[in-house]
Each structure stands twice: as structure tokens, then as C-alpha cells.
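This document contains two forms of one protein chain, each encoded as C-alpha cells and listed individually as structure 1 and structure 2.
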Structure 1
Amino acid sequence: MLPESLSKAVAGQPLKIAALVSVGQHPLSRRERQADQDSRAVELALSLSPQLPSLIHVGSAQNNALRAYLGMGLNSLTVLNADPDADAVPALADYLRDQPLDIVLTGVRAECGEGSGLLPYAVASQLGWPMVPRIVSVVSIADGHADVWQALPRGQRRALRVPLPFVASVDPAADPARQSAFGPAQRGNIDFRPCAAEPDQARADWEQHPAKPRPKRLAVAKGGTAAERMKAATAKPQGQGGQVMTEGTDREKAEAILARLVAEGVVR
């Protein structure tokens, strides 16, 4: 059900909306799935206009995880075929530039791959459109402008007015996506389109390795005056289980230091 003000704005000519979707990854099983944040972007697009939004993906057309988006009630999905190492931004910009769109919605970041969250900014920059990060809803559209709610920390919201067309990322605080139905997902059409996507030269020089565990946060003293809390936070920690060597050769001292570093897990 559309808000009354938004229904009036789109009564004469439905909004033309596109959602950029990616292949997600379950955080525990690592199985491919529809991305949660991209699904929220599709859900928001479905609520804005009676005309079904366009779904666009850059990658392989053979990925079955993409069909879960079609199960949300979409008839078709456009796949711009490109290698996994290709730069998706130029391909998306070239395709969107030729489409009569009013709004392009994305998730905040992908669940696998780079996951930097920079894609909507880069696409908006190439198109010359405004970019609105982390929206949760669109309140109204009138006179070529859209009034949106932007998510802020601690549940706060900010009202923004942005001219059409624009690119926006949808915050995880937006309405969750509806359940994907298996039947419509299998009946939906995937439109395969070749594109001239070039390899990402910057990414070719990167070195990838598993992420290391984050360091433990320092314990913050509670209570007392501000001076006492500052003193406790900046106090030099006392050594535990160490030893002071005032005698012995340099080699013996070096071996003792190395043994301590190995015991603490600093050196392996």
C-alpha cells in the first residue's frame, strides 16, 4: 500500500525504479543466497510504484541464487554478463545511462567479494546523479523531488529532499524483504545481456588473505571522577609473569625475550 502523498505523485506516470542486486553469502554456512540488504532494496522498490522495478546484476547468468529475487514477485532480471574479476561500475553506468529511470536502489554493501560499499557512490558519480546513503523509506515524490528518511545511529532519522533521478543505498533498518516463493522464482525470466566489462586493474594488485581476529577492546573503568577514569585508562599495565634479567650474556637475554614472545603468541 503506497502512502497517500506518494500515490498521488505516481498516479499519472509510475516511477521507473531499478534495484541493483548481488549474490549474497550466508555468514555461517557460506552458501550462496540472495543478499539481505539488496533484498530490502527490492522490497522498498516494490512498495514505491505499481510498476514492477527492474532488477540488474553484473556477473554470471548461471547463478541460481539470483532466482530468489524473482521469487519476491518480479517477472524478469537483467544480467550483464561479466567475469568475476571485471569492474562492474562502468558496465552499470553504461547500461543505466540508456534507461529512463527515476531511482536506483542498492544495498549498503555486498556480503562477499570486496564489500566496500563504494559501488553506489561510484555509479552515481559516473551518472552525475545525487547519492543518498542509508535510506529507510521514501515519504513523498512531487515536483521532481523526493522526500526520504535517512537512518542515523541509535534509531534516529533525518528527513532529506533529493532531486530526481538519484541513487540511494537502503539501510538494514528498512523493512525486511518478503519471503521468496519457489514457483515464481523458477518461472521468472533471466535476461542475459553481454557487456564490455573490463578487468579491475586496481584489484589485480591486491593480496587477499583470511581476516585476522580483531584485538580485544580495552577495559574502561566505570565510576569515579573523570580524572580517575582517565588515569585508569592511560595507566601503564603491570607486567604479569615476566622476569628481570640483570646478568647473563646478550644471547641468553635475546633467547629469553624470544621465548616470552612465543609464549604470548606474538611470534609463531
Structure 2
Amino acid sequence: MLPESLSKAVAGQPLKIAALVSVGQHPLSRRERQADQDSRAVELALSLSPQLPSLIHVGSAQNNALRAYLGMGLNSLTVLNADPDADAVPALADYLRDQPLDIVLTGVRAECGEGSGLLPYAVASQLGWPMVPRIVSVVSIADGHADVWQALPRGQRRALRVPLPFVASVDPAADPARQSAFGPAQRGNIDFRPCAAEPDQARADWEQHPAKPRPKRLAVAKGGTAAERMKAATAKPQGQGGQVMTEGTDREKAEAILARLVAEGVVR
């Protein structure tokens, strides 16, 4: 179902949306899979326009992980054929520049490899389009502008207005992707296109290692005498034993609670 304002906006001319998809990996088994954030981007694209979005992948992968995106109800996927260590940004920018597109959606960070989250910014900058990070939904589109909601910490949202065309990354708080169906995924068409992608020179001399566990920061007691430091290190953290209110009427008690809530800034 399209939101009403959106269906009106797109009645004349359907929105043209592209989603950039990558191959993800399962965090535990490390099997290749459909990347979660990219699937949410595809889901958002599907919900925005009656015209099917185009899916674009740079690489040489031809596996079930990539096909799983087709199982979400799409007919075809474009693969820009490139080496695994090629720089995807110029290839993508060259391809997208020639397409009549309104919105390009991506995930925030890739699940494999560097996962820096810089790609949408770099692509947007090469195209000269604005980039909106971490959107959760597109609320309406009117006279060449889109109203989008951006995810903030603690489940808060912010409304932004951007001119079309633009690039946006889709936050993990957006709607989860629909189930991928196996049959359509196998039947879907993968359209390979040659592209002249240069190898990523900047990354050539970097080394990749399995992640080392990061040390936990300990609260070290500083200063004082040795005895004081010893006491601070060994003392059991006691329940601070907050204030207990037994006396008073119910109203006074409720006032105390409300005063605390106001002091903490959660009730205005």
C-alpha cells in the first residue's frame, strides 16, 4: 500500500528508484547472505513506487545471496562486472549518471570488507547529488522535493526536505525486508554489464586480519593511599541505596516522582 500523498505525487510520473545491493555475511556462520540493510533499502524502494526499482551490484558475484534480492519480487538485477578488489565508486557513478533516476537507496554500512559507509557519500559527491544518511521512510514527494524521515538515536526521528534526485542510506530502524521467495529468485534475470572499474589503489597495501577482541576499559581508582586504592578495587559495588519515601500522602509521592522525571528531562 502506498501512502496517499505518495500515490498522488507519483500519479503523473512514477518515481524511478535504484537500490545498490551487496553480498552480506552472516555474523556467526559467516555464510554469504542477502545484506540486511540493503534488503531494507530494497523494501523501502518497493514501497515507494509502483514501478519496480532497479537493483545494481558491482562485482562478479553470481550466487544465491545476490539472487535472494530478486526473490523479493523483482525481475532483474544489474551486475556491473568488476574484480572483487576494484573501486566500485567510479563504476557506479558512471552507470548512474546515464540513468533517469530520482532516488538511489543504499544501506548504511556493508557487512563484508571495509564496511566504511563512505560509498554513498562518494557516489553522491561524484554525481553532484545531495546525500541524506539514515532515512527510515519517505513521507511525501511534491514539486521536485522529497520529505524524508531520518533516524536519530533513541528511536527519535527528524523530518528533512531534499530536492530530487538524491542518494540516501537506509537505517536499520526502517521496515524490515519482506521474505525472499526461492522460486522467483531462481527465475529472475541477472543482467551482466561490462564496466571499466579500476583496481582500488588506495587499499592495495592495507592488511586485513580477523577482528581482535578489543580490551575492555576498566575503571582504575587513581590517587589516594595504597589502602584507599585497594579498598576501591576490592569493594563490592553497593546498591547506592537511593532515597526511600514512606511518609506523606499519595499526592506528595506522585509529586516527588514527577519532580524527578522533570529534573531528568523526560517529562516536559
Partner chain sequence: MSLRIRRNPRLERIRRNRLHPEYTALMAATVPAIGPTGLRRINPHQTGFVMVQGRKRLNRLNPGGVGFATSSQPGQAQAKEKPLHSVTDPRGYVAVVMDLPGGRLSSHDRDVLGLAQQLAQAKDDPHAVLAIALGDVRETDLGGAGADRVIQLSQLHTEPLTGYCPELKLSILTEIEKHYQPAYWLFPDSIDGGADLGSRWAVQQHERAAVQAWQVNKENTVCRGGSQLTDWHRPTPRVLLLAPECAAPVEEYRYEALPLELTPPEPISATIEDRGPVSVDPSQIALSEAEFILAAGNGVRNWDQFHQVATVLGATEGASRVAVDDGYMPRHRQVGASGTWVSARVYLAVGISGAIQHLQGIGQCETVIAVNLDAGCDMVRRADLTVIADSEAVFAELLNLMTERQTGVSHQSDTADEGEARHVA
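Just so we're clear, the structure is a prediction, and the values are computed from it rather than from any experiment. All residue numbers here refer to structure 1's sequence, counted from 1. Throughout, rigid core stands for the largest set of C-alpha atoms superposing within 1.5 Å between the two forms.
Structure 1, not structure 2, is the form predicted alone. With a cut-off of 2 Å and the rigid core superposed, Arg229 has a Cα displacement that reaches or exceeds the cut-off between structure 1 and structure 2. Relative to the superposed rigid core, Glu252 shifts its CA by 68.4 Å between structure 1 and structure 2.
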